[in-house]
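Given as structure tokens, the chain that follows is alone and in the form predicted on its own.
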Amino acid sequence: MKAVLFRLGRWLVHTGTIVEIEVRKLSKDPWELVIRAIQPLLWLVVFGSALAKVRVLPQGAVDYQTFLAPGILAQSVTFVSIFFGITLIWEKDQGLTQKYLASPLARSALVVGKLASAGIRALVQGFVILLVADLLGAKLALGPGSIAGVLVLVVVGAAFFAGFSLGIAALVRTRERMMGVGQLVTLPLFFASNALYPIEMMPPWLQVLATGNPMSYLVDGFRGLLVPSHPSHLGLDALVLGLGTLGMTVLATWLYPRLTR
């Protein structure tokens, strides 16, 4: 038992070490988060304000700004995480990945630490999105319980998409290809989800895609927590995202050494 606890404690220390390294890197270049926050803020301010005057939602539904805010929050989490693999390729080019793998750090701790740091980045942007949405008049439930649930979903969602990005980075191996694949994946994920409009309003073939889209479950979880009138499927959303994140973590741990090849 003591040996198991010792190994667990050492694994947690290794994970914390990676998180600390990533946070230090982020503190030295905070403008990265500012730049990445511009696009979702433009969607929220410009797109939301424009369509708020158009009857997009069924009669009696919430106003569009309130409906859109959780979708843009999910977009921000997805976009900041899906390009996380670029930093891993940069580390490979600098020789840092080889040093990590040659160190006593557990490989799984390396990956989990990276995914946790993606969650921290997403939390910062998520706070900005919720603040701007509130200033724009979105009627969101911002109680302690809702905020706590949103924070958990932000971290889990960011870890899922960062794990997916790490897997892509291990396969494509160059920053240019990673950028191209990321751009190819992000917009279809966004538009084939319920971020901009309810699934019920989509054509049947798109409903099928949206139902299988992990981003839809992230959006639905945010709406269930933040929009009082939205039906909550939090258990299902958490289950899908939790299992998906676990699967991506295992896959990313297995693929991580391929970055050095």
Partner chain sequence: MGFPLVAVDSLVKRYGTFLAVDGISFSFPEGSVFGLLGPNGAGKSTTIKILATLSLPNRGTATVGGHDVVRQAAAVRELIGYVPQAISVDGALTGLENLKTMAKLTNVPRSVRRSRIDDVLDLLDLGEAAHRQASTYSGGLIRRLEIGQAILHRPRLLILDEPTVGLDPVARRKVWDHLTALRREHELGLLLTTHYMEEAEVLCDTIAIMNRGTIVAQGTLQDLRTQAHHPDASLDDLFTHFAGAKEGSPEPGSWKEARRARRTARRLG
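Predicted model only: the values in this text are computed from it and were never measured. Numbering follows the first chain given and starts at 1.
Just so you know, the form predicted in complex with its partner chain exists too; it's not on screen, but the next bit is about it.
- A residue is said to contact a partner when one of its heavy atoms sits within 4.5 Å of a partner heavy atom; Asp134 fails this definition for its partner chain in the predicted complex, lying far away.
- Not displayed here, its partner chain is approached by Ile18 to within 4.5 Å at the level of heavy atoms in the predicted complex.
- Although the partner is absent here, Ser108 lies well away from its partner chain in the predicted complex, with no heavy atom inside 4.5 Å.
- Its partner chain in the predicted complex is approached by Ser103, whose closest heavy atom lies within 4.5 angstroms of it.
- With its partner chain left out of view, the stretch that reaches within 4.5 Å of it through heavy atoms in the predicted complex is, among 164-172, 139-147, 90-98, 125-133, 90-98.
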